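What follows is a single chain, given as structure tokens, in the form predicted on its own.
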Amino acid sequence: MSLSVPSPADFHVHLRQGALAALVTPHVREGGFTLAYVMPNLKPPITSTDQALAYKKDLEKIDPYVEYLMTLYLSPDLTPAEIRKAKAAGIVGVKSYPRGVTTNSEGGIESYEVYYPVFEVMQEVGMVLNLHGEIPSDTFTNTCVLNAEAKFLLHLIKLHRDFPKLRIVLEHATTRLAVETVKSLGPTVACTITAHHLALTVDDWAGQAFNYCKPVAKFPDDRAALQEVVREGHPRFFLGSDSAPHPPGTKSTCTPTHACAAGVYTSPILLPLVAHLLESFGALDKLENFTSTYGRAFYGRPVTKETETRVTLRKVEGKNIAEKWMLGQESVVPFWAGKDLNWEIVN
């Protein structure tokens, strides 16, 4: 049994920088994808058009056969004039990180209202606002990783109300409430779902650092909601892997003063993994829409006869996932390392 997908697109991926980027960037194509929507939370973060273009050149030197869609980091350095410059240069979106909620988000925002002039221009020129949908943990408001997404959704609703023509993507949703909220909003609001959140619940990361990411996986009913909306084939829900590589030592080691790194790494196995998961809950027929059609339609990047590259998968009796990938002194451990998948890419 085999199937093929036209030009799969990952609308949320972390490719890092330096030696780690050299290791993980080729994994986009190895995992079956020809488009990568690249996150800007580097050190320092990508806050200007010139930085984004320089980063894109670095990635293209590593693997020129992937289309890299670049983003800017929402920060006080970002102005309406810079948005116009970014749009003219082909920059596609702006990523918002609430301060301190995930990897390299120390410079994240604390309030959206100050950025309304930026959002006005983004709405005018057609750039996308990508939202990490959590608020910071706070003892006084009873906020923690398990309800941080639910408490963020009021911000999403308000932003959509104030900017109804601004395309907004709620990234890596993890809850039934998030799914229901996005479905209730207008056609300019979409949502990415990761492969690992289709598989995990809180039990899978509590005590297992390699399954720990932000936002954390939630309850079985939340996972069921993500699976249901994929199985439904809702056109505003599509794949964004949030594949986030970290050196194994930062994942497996913590101390009383330093937690392990947040991030699940799926890039090198992504398309077979998604096929495996969708098949497990009766949604394999939605693979093409979920990994290619819906996201490309929302971002205005449809597959054409001139640009189409079909990726073929075949059913297998168990394709073992490597324990790690290495290049020089760098290494990364993938999601489900050592386990078997029921699909593989036909080279």
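Don't overthink the numbering: it's just position in the shown sequence, from 1. No experiment lies behind these values; they were computed from the predicted model shown.
Below, we refer to the form predicted together with another copy of the chain, which is not included among the displayed structures.
- Stretch 205-213 is the answer when you ask which of 188-196, 205-213, 230-238, 84-92 has residues with heavy atoms within 4.5 Å of another copy of the chain in the predicted bound form.
- Shown without its partner, this chain lists Val114, Ala259, Leu154, Val125 as candidates; in the predicted bound form, only Ala259 has a non-hydrogen atom within 4.5 angstroms of another copy of the chain.
- For Leu23, no non-hydrogen atom is located within 4.5 Å of another copy of the chain in the predicted bound form, even though that partner is not displayed.
- A residue is said to contact a partner when one of its heavy atoms sits within 4.5 Å of a partner heavy atom; Thr143 meets this definition for another copy of the chain in the predicted bound form.
- Looking at Val332, you'd find every heavy atom of it more than 4.5 angstroms from another copy of the chain in the predicted bound form.
- Contact annotation: Phe219 falls within 4.5 Å of another copy of the chain in the predicted bound form, judged by heavy atom distances.
- Contact with another copy of the chain in the predicted bound form, defined as a heavy atom within 4.5 Å, is made by all three of Ser137, Cys254 and Ala337.
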